[in-house]
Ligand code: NAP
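In the block that follows, a single chain appears as structure tokens, in the form predicted on its own.
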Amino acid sequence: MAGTVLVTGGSGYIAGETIRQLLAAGWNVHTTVRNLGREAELRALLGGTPESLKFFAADLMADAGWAEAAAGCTHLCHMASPLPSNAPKSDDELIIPARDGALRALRAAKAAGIRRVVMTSSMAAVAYGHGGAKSRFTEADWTNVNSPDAYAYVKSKTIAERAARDWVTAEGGDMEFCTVNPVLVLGPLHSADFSTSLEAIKKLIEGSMPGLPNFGFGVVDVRDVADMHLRCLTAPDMGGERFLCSGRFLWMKDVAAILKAGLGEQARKVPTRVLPNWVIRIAALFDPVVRQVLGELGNERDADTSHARQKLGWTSRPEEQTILDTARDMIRLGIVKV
């Protein structure tokens, strides 16, 4: 069953791949961007025709444009949310647009008669603030935003998802709402305008890290994240559902080893030495980006994806393929010099 779906944040990494898959599956797509001046550039990357893919100007922090974007749509994929490359001056720089943007999209969806909403949340809304007491998480787990390891992005995703769920319960009527909660999203790139989520791979290949911090993350391919969103748009009984979207959890040393094995000489700058935790703590005194992720040191945050596999029939491709596809596209597009 295909209809017309509003995908918010059409210039984003996950949104772009989702739009490509939607168009290939026969959907018509409306998408929001902050600046319509990017339409020609984005259309060249996303495909479609002026009839099958329509662009609308809308911003997470303003009401203008949302009603027009949602008009005529049967479904909503709310994907727009701030993902900065630097530490924000204030948590509210991320929390307010993430929360208020989700509510704007939901209100527009309800006014347009949209009955099915899929929202892109994050593992950040699941696996933080548990005090190292657990290393494997399910959809039943929620981040504690009052924990010291809940930095601004983590708070923004958690607060936005909770606000959206509360709004749907109170105001949504018969609207079906579910979330997709991905881990670190990697995979192919279609342009040199790359997502902040790919920064770790870039730093490894270019050798800008003096060594490997004792950090780790679940890895999932952008193509598989998009596929989960499409499944959520059409599967029955999605009201209230939540799906963790992840492949294996990998430490930085595992990612480095995959790059070394798969890229050969092109990975000659990839570090192999694991840095002691005390080195990272000293670096955090001078670098706010490092400081906000100190809570990652030694913490394993592995996702149990059995629910998505059973209810949606979803699977993920090998993490090695995802990591190497990311790296090769970064090299091909000149994002990183080897």
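Worth saying up front: this structure is predicted, and the values here are computed from it rather than measured. When you see a residue number, it is the position in the sequence shown, counting from 1.
There is another form of this protein, the form predicted in complex with the named molecule, and it is not shown here; the text below is about that form.
Within 4.5 Å of the named molecule in the model of the complex, a heavy atom is found for none of I19, L53 and H75.
You can rule out all but one of 259-267, 207-215, 133-141, 152-160: in the model of the complex, only 152-160 has residues with a heavy atom within 4.5 Å of the named molecule. When contacts are judged by a 4.5 Å heavy atom cut-off, D59 counts as touching the named molecule in the model of the complex. For S81, a non-hydrogen atom is located within 4.5 Å of the named molecule in the model of the complex, even though that partner is not displayed. Under a 4.5 angstroms non-hydrogen atom cutoff, the named molecule in the model of the complex has S122 among its neighbouring residues. Using a 4.5 angstroms limit between non-hydrogen atoms, P97 touches the named molecule in the model of the complex. For the residues V126, A226, V183, A102, the 4.5 Å heavy atom test against the named molecule in the model of the complex is passed only by V183.
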